[in-house]
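Quick setup: one chain, the form predicted on its own, written in structure tokens, and binding and motion questions come after.
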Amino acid sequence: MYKYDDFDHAIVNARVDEFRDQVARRVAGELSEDAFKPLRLMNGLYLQLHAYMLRVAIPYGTLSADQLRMLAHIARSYDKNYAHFTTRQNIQYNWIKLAEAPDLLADLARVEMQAIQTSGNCIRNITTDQFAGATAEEVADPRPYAELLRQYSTFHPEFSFLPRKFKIALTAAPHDRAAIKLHDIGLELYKNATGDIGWRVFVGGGMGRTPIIGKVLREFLPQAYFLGYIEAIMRVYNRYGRRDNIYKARIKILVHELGLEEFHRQVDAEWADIQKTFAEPPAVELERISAFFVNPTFETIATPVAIYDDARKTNPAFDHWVERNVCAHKQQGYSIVTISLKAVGEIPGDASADQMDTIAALADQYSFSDVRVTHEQNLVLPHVRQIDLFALWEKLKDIGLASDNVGLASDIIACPGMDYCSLANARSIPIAQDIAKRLAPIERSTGELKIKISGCINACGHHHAGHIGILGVDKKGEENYQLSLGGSAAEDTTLSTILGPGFDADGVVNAVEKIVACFNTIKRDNERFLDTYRRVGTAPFKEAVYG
């Protein structure tokens, strides 16, 4: 993973010192909340329902074991012994005392972490495939490009006060695990018909109150023009994006209103002008960054691994876990392991300080000290020897993190909702817990089912992209939950369709159970829920729910 140089250390430490002074002035009453708000937001500090919430950046979802240990320390020292992993591969702490925030940021800086640009109208944490550098599917590791873009965009003077927040995701695999078409800019690194590697550029995607799937702005962009072309897009957005209406400020609205053809013309004109003066970072800079992402020293392991195969044959519980949570690795004899943070009845995406410490130790022992955060609110150990999988599984059981439910009904994405968030209209967490408890007994026979829950229209729970999406709204002072079906955030991106009238908290859990029962009745052999829905439409599900 990337290591800070002297410049990185200097700017992060300077930001900590600056924020310490700002907090001191706020506590002393020298700064009003209105004056302090933009300062704290640029350091990832929000004022939520009960306390301050701090969002810490995990660039492209990559953590070292030592960094995870620091996140555990922060949970113990500054929060209530736990933290929440988010759909942007970040981590959030929900009970921060303002006076302690500068010390917290100083602790983060000691392990090369920070909270810069995790809020505000700027380029937010850049995300990518959690399997990057480990999967054989990818044409190259996308993380060096993400790091190059992170360095380029951090404190960029032209893009520090955009019309609205801006989100970028990258992938280099045909199986999209980064939801690139639902971002302001999505980038897919691929090899074209002539064998050249370049970017397919999507623009104008997003969720929120106006969900839109990103459109292809450029089918093939040579790698050499990576940053210049992104700058061209950003300049057009910064110039023409709406600043008079927060609901129309995102780039997706600009692309829609201008039309893709005109937006493309504007970007090409800007890019032509940029190329006259803009110097792409030399290849040596990308090489410098790439050197931090070289493969670990893998062992040469013969296949098959007899101990691993025997364990699967003799232990059904272990076999089920491997089937759901373990994926193929590019190196023979190794596997990619997803650690579910969705134990049935627990809060989706939460991890305790003790759990984080144990995972850090397991990463040291089994995965070259490498940990990843997924946009589905789970963790990944990307480089585990197959011979170690059984021992790893047993140790995960000891800390309650051996759930074999990745991609199943209880692996629910949920935002914090009205339990924490000042923007929420409805609770998300208890709905997710109740649905998981209800569906867990049948989830293995049901198969892949992506359930996603948001507590307000801002869609932090990605409900638009759920096979079953749930949106909580306020209806005459009561929580009301709207169901939608057929969404996907993968390479077959689709937006879900509203099923019908909403439900109260108990009613929505019952309705989801009826939808799943209907699916299990009408599905064909080995058919996913999403495929069945696309085959039959909403009619049978609507009949099952509403009669």
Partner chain sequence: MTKPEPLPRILNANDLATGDVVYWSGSKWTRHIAEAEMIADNDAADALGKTEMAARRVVDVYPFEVNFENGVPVPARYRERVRSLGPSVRLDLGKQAGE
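Numbering follows the first chain given and starts at 1. Being a predicted model, the structure only gives us computed values, none of them experimental.
The same protein also exists as the form predicted in complex with the partner chain; that form is not shown, yet it is the one meant from here on.
**Student:** To verify the annotation, which of these, S422, Q275, Q332, S77, has a non-hydrogen atom within 4.5 Å of the partner chain in the predicted bound form?
**Tutor:** The residue from S422, Q275, Q332, S77 that makes the contact is S422.
**Student:** Select from the listed residues Y308, W95, F159, Y190 the one whose heavy atoms reach within 4.5 Å of the partner chain in the predicted bound form.
**Tutor:** Looking at the other structure, the residue within range turns out to be W95.
**Student:** Closest heavy atom of E479 to the partner chain in the predicted bound form, within 4.5 Å or not?
**Tutor:** So E479 counts as contacting the partner chain.
**Student:** Verify the contact flag for I429: yes if a non-hydrogen atom of it lies within 4.5 Å of a non-hydrogen atom of the partner chain in the predicted bound form, no if not.
**Tutor:** Taking the distances in the predicted bound form, the answer for I429 is yes, it comes within 4.5 Å of the partner chain.
**Student:** Y82 near the partner chain in the predicted bound form, any heavy atom under 4.5 Å?
**Tutor:** Because a heavy atom of Y82 falls inside 4.5 Å of the partner chain in the predicted bound form, the answer is yes.
**Student:** Within a 4.5 Å heavy atom cut-off, is I347 in contact with the partner chain in the predicted bound form?
**Tutor:** Answer yes; at least one heavy atom of I347 falls within 4.5 Å of the partner chain in the predicted bound form.
**Student:** Choose from 62 to 70, 25 to 33, 490 to 498, 514 to 522 the stretch whose residues reach within 4.5 Å of the partner chain in the predicted bound form, heavy atoms counted.
**Tutor:** Result of the contact check: 25 to 33.
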